[in-house]
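Have a look below at one chain only, the form predicted alone, in C-alpha cells format.
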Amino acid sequence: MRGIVHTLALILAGQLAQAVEIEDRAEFGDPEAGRVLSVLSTTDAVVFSPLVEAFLAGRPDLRVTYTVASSQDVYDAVLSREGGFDLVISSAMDLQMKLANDGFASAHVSPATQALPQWARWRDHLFAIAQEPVVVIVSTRGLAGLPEPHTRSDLVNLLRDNPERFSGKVGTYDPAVSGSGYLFATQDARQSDSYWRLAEVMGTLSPRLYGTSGAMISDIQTGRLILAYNVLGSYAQALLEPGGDGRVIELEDFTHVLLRTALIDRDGDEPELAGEFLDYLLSDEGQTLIETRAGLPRINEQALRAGPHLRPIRLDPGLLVYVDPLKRQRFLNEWAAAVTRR
C-alpha cells in the first residue's frame, strides 16, 4: 500500500485550470490501478490521508485522487461540470446545500446513511461526516486579568470597555472572501440580534480580517491577536500548544456546530465507489479515524445533548436564504458598514 505519491501545491489542474484554483492534490494507491475515485474537498490532504489509506487497504485495483480547494472553488467546480469529481466534501454547508437542492448531487441510501440523525442528513443527498464547534480563542496573556467572556453579551462588554487593549488585536473571518466565514456570520445574524451589536463594537477596534482559522490561531500564538471570533474548534485543538497561551471558549448563549458534509457528484464517473467511500467515512471505523487521526469530531448526538449550548447549523433549505446573490450582497454591505466602516 502506498501513501501519498505526490503533492502539488497551488496548481491549476486539468480542465479545472480555467476557472478554479487548486490548493493541493494528492494521489493514493497504485498509480497503475484501473479504477480511480476522485475526491474534491476543502479539508487538507494530510488530514484525510489516514482515512483514504485505510479505505484502500487490501484494494490494489483502486486508487484515489484527492484535490483540495477553497469552499467557493469547490462549489464553482461542481457547478461548472468541468471537474469530473465523484465525491465532494466541504465545510461550507450553505454551498453544499445549494448544490444538493439544485440537483447536482446523486441520492445515496445505505445502512450507514440511514443511521445518521435526521439533523445530519438531507433527503438522501447531503450527509454530515463530522461536527465541529465554532469557538472564540483568547490569549490569556493578552487578557492580563480581564474576565474571560462566556456569552456574546460578555464579549460586547469586554471589547467596548477596553478599546485601548483590543484595538487592532481582534480577529475574525472576512465573509467576503471566506465561505465558512460567510456561513458563520449569517448564522450568527439568524440566531441573535446580539451579533450586530458585537459586529459594531468590533468595527470600532480596527479588527483584522482573515480567510482561514489557521491564520487566526497563528496570530493568537504570536501575540498579534488577543481574541479571535468564530474559529473552527477542530483547528484550534490541533494547532494550539497544550498548556500554551491560547484558550478555547465555547460561548454559553449558543455555540454553532458546523457540519462538514459530503455529497456524491451527479456527473461523477464512479458513483458506486463514491458511495462506498462515503459509507466508510460514516462507519464506526471511519468515524473513529476521523476523530483520532484526522482530528475532526465525529457525529455524536450524545455530545450535543450533553452540551445544550451546542447548536448544529441545520441541514435544511434555510441555508439557502443568504446564498441568493442579492441577499448575499445586502448582507455583506451591512456587515462591511458595521465592521470595516465602509
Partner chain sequence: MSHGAQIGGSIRRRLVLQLLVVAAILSGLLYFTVRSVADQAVEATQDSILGSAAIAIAEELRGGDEALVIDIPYAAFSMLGAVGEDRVFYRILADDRTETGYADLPLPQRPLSGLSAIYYSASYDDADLRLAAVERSVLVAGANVRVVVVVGQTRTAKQAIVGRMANRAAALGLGFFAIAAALAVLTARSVLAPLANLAEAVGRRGPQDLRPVTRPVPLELVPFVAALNGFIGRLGVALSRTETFIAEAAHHIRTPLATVRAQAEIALRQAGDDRIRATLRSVIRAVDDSARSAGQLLDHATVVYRSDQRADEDIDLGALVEAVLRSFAPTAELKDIALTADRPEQPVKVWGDRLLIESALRNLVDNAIKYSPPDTEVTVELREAKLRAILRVLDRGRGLAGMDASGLTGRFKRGANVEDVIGSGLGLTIVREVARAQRGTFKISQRKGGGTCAELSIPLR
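All of these numbers come straight from a predicted model, not from anything done at the bench. Numbering follows the first chain given and starts at 1.
Omitted from view is the form predicted together with its partner chain, to which the following refers.
Inset, instruction - Would you mind picking the one in 295, 307, 317, 50 that has a heavy atom within 4.5 Å of its partner chain in the predicted bound form? - result: Spelling it out, the residue with a heavy atom inside the cut-off is 317.
Inset, instruction - Please pick, from 165, 208, 98, 152, the one residue with any non-hydrogen atom lying within 4.5 angstroms of its partner chain in the predicted bound form. - result: None of the others qualify; the residue that does is 98.
Inset, instruction - Within 4.5 Å of its partner chain in the predicted bound form, counting heavy atoms only, one of 102-110, 84-92, 247-255, 214-222 shows up; tell me which. - result: After filtering at 4.5 Å, what remains is 102-110.
Inset, instruction - Decide whether residue 160 counts as a contact residue for its partner chain in the predicted bound form under a heavy atom distance cut-off of 4.5 Å. - result: No.
Legend entry - residue 187, heavy atom within 4.5 angstroms of its partner chain in the predicted bound form: Residue-level check for residue 187: yes, a contact with its partner chain.
Legend entry - Residue contact check: residue 141 to its partner chain in the predicted bound form, 4.5 Å heavy atom: Flag for residue 141 set to no.
Legend entry - 4.5 angstroms heavy atom contact with its partner chain in the predicted bound form for residue 169: Judged by the heavy-atom cut-off of 4.5 Å, residue 169 is well away from its partner chain in the predicted bound form.
Legend entry - Residues from 108-130 in contact with its partner chain (non-hydrogen atom within 4.5 Å) in the predicted bound form: Read in sequence order, the residues that approach its partner chain (within 4.5 Å, in the predicted bound form) are 118, 121, 122, 123.
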